[in-house]
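Heads up, the chain below is alone and in the form predicted on its own; it's given as structure tokens.
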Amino acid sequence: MNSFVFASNRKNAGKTTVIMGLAKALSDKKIGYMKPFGERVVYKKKRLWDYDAAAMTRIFKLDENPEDLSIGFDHSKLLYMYDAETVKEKVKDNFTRVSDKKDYVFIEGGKTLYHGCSVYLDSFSVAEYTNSKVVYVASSIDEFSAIDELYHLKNNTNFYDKLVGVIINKVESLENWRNIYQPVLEKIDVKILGVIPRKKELEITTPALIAEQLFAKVVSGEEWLSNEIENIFIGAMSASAAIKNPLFNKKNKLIITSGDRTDIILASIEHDTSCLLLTNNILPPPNIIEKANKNRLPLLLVPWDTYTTAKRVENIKVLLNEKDLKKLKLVEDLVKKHIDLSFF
């Protein structure tokens, strides 16, 4: 059995995406997963779990409950409940359970290398408890930021020698990377396991993701929750004014408006809308719901006013789930093409 801790030093570096791609690429193997320090907390039906843990459980049909894949979610509670030895034993017990009869176990570290250090759950401590190798995922939308990260690790910490390899993620130009940036890393003997190009398709959200993260009620159109959303329009004006707005006439858009704004809702149904997010807990008349359903337009309902809802949508992170079949296939193909699977 092989086990790996995936570490990074910034939020949204792509650890979960890389893990999902590897698990898909190694589909003939039995995969285990854990995320000792949960950070994307979901509270539902009086249960707490990490969003990524829940997604992994559902996508790969893991036996464990998502809440059992994390030791905790909050620094203050962990400090109060456990000392260093107890944390170590709990991680080891969880690891023993999730690794049973598995070929690989992928362990997701915190959002930074130091995240969880005060409660003994930073990435390198977890790697030590589980005797796992550490793979570093560097996000490279700004290529030199990844270079700086790795040079900092080399020059200022004792972590560098514990890394077994690096995956560079979200690279804008593979050609530029190979010609300009990779030679810089070769000077400090970085073992590159893969360089994954940025794909904007992975940054597109869906009604399913919005419904899940906002706990929105799906009024209708559940079968079209995988529609792609590339633009967002706030329907706070009259329908005649909205139609004159260039953004309203773009395809693949999310319209956020109050459920009693039937003029905006009807205009949205006829203008290439991917999803309608209805606010103020107000449902439109049944005939309008039926018309939206005939046009394959999902309707979501939330209790907040339009402004508050728009702010909440703004904070949504594009995360993969089991309904994102096209994205999951893309991630699998990227990993197969751009990562050295022989290392794993």
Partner chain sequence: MSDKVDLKALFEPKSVAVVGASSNPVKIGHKVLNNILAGGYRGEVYPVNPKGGEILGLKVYKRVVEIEGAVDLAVVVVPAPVVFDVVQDCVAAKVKFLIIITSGFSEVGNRREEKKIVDFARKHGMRVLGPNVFGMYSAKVSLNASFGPSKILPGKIAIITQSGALGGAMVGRSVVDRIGLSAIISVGNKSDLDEADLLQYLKEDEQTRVVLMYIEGIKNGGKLIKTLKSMPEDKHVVVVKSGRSKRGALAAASHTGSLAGSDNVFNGIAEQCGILRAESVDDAFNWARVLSELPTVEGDNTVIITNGGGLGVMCADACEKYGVPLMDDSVFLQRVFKDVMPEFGSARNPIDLTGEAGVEEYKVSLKKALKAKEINAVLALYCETGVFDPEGMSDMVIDMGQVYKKSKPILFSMLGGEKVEEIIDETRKKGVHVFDDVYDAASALGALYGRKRFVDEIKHSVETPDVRIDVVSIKRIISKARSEDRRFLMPDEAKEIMKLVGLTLPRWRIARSLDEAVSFAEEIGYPAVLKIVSEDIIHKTDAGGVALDLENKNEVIDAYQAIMKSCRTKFPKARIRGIEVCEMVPKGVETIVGGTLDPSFGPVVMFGLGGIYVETLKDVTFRAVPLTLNDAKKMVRGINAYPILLGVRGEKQKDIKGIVDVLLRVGKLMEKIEDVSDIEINPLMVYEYGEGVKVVDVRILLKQKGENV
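Numbering follows the first chain given and starts at 1. Take the two forms, superpose them, and find the largest set of C-alpha atoms that agree within 1.5 Å; that set is the rigid core. Since the structure is predicted, the reported quantities are computational estimates derived from the model, not experimental observations.
Only in words, not in the display: the form predicted together with its partner chain, which the text now covers.
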Looking at the partner-bound form in the predicted bound form, is G72 within 4.5 Å of its partner chain by any heavy atom? yes
Though only this chain appears here, would K317 touch its partner chain in the predicted bound form if you measure heavy atom gaps against 4.5 Å? no
Interface membership of D68, its partner chain in the predicted bound form, 4.5 Å heavy atom rule: no
Would E39 count as touching its partner chain in the predicted bound form under a 4.5 Å heavy atom rule? yes
Complete contact of K77, P303 and R312 with its partner chain in the predicted bound form (any heavy atom, 4.5 Å): yes
Go through 277-285, 26-34, 51-59, 292-300 and give me the stretch that gets within 4.5 Å of its partner chain in the predicted bound form, heavy atoms only. 277-285
Contact residue in the predicted bound form, chosen from V184, I243, M81, A84 - any heavy atom within 4.5 Å of its partner chain: M81
Considering only 214-242, what residues come within 4.5 Å of its partner chain in the predicted bound form, judged by heavy atoms? F215
So with the core overlaid, does the Cα of L278 end up 2 Å or more away between this form and the one not shown? yes
Using the rigid core as the reference frame, would you say K217 shifts its C-alpha by 2 Å or more between this form and the one not shown? yes
Assuming the CA distance changes by 3 angstroms or more, are N315 and S173 closer together or farther apart in the predicted bound form compared with the shown structure? closer
